[in-house]
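One chain is shown next in structure tokens, namely the form predicted alone.
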């Protein structure tokens, strides 16, 4: 990645110099696990999650300051009739988050998670990607930097979510631009597009990728052309978390599309991430497979808001507690296997 003085240069530098896992911390988890009051492997993925937490925090598994960060943005592509809801709903839902009335609020309460919501210039939709770039390079880099600031104040588990009418169209365009295939494979109903609405949505994804086709070889250029403010901010937050050694749980299709941009730039960029759930959006499972990940939950959800990531955070917290709180055979006076 060359340095040219352009706004993306700092991002490229970070993508080239990301810290790796703490193997000493992982070894310590494995050693303690040998003596816990259970058969080896009996907790399945919970044991893997405990190792993952240690790998990226460099300490025994613990979740003490979990945070759900929800980024909200509006998109010019909605003028193509890709969603049954108007763009005004984005701001209305942000207000609902603020008043505690959304699903994500209830899940955060149930799992004792912090919640921050970031309004990304909702009064100023991005460019219509079927005709122009969503953002220029300076604006995209600045929005990524804004997303990086979401971890200010500290957290030891970051859950990434979003809100934005039209952004499943954006996710589909990003995936189609990154991985090819046809637009229909990547495009689903989102907030409920059916019939002619879904046809318009697929056509918009096709036109957008065709319009920007000559510029999609660079993942960051793809991001600024086909993405949006909440997409760029989520990518920035995930990257900042990596630099600060904070484990990340990624939510549904849109959040995973933002993560995929980083993976396309560096195939180790998501090693500190887990996918919280597989969305009912048909493109999401295909995308997860492209990233080589396995989701924690399959609940048929497609709401966004970070809801799937927040539910998965409860499992991650349980994994940490099982590892650190469970007695050893010696402590409990339980006979170990011969």
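Note that the structure is a prediction, hence the values are computed from the model and not measured. Residue numbers count along the first chain shown, from 1.
The same protein also exists as the form predicted together with another copy of the chain; that form is not shown, yet it is the one meant from here on.
Asker: So, in the model of the complex, is residue 180 in contact with another copy of the chain at a 4.5 angstroms heavy atom limit?
Answerer: Flag for residue 180 set to no.
Asker: Does any heavy atom of residue 296 come within 4.5 Å of a heavy atom of another copy of the chain in the model of the complex?
Answerer: So residue 296 counts as contacting another copy of the chain.
Asker: Would you please decide whether residue 106 lies within 4.5 angstroms of another copy of the chain in the model of the complex, comparing each non-hydrogen atom pair?
Answerer: Residue 106 belongs to the contact set for another copy of the chain.
Asker: Indicate whether residue 127 is a 4.5 Å heavy atom neighbour of another copy of the chain in the model of the complex.
Answerer: Taking the distances in the model of the complex, the answer for residue 127 is no, it never comes within 4.5 Å of another copy of the chain.
Asker: The chain here is shown without another copy of the chain. Which stretch in 36-44, 59-67, 265-273, 23-31 comes within 4.5 angstroms of it in the model of the complex, by heavy atom distance?
Answerer: Stretch 36-44 is the one.
Asker: May I ask you to choose, among 110, 152, 121, 98, the residue with a heavy atom within 4.5 Å of another copy of the chain in the model of the complex?
Answerer: For this set of options, the contacting one is 110.
Asker: Using heavy atoms only and a 4.5 Å cut-off, decide whether all three of 84, 93 and 302 touch another copy of the chain in the model of the complex.
Answerer: Result yes, every residue of the spot touches another copy of the chain.
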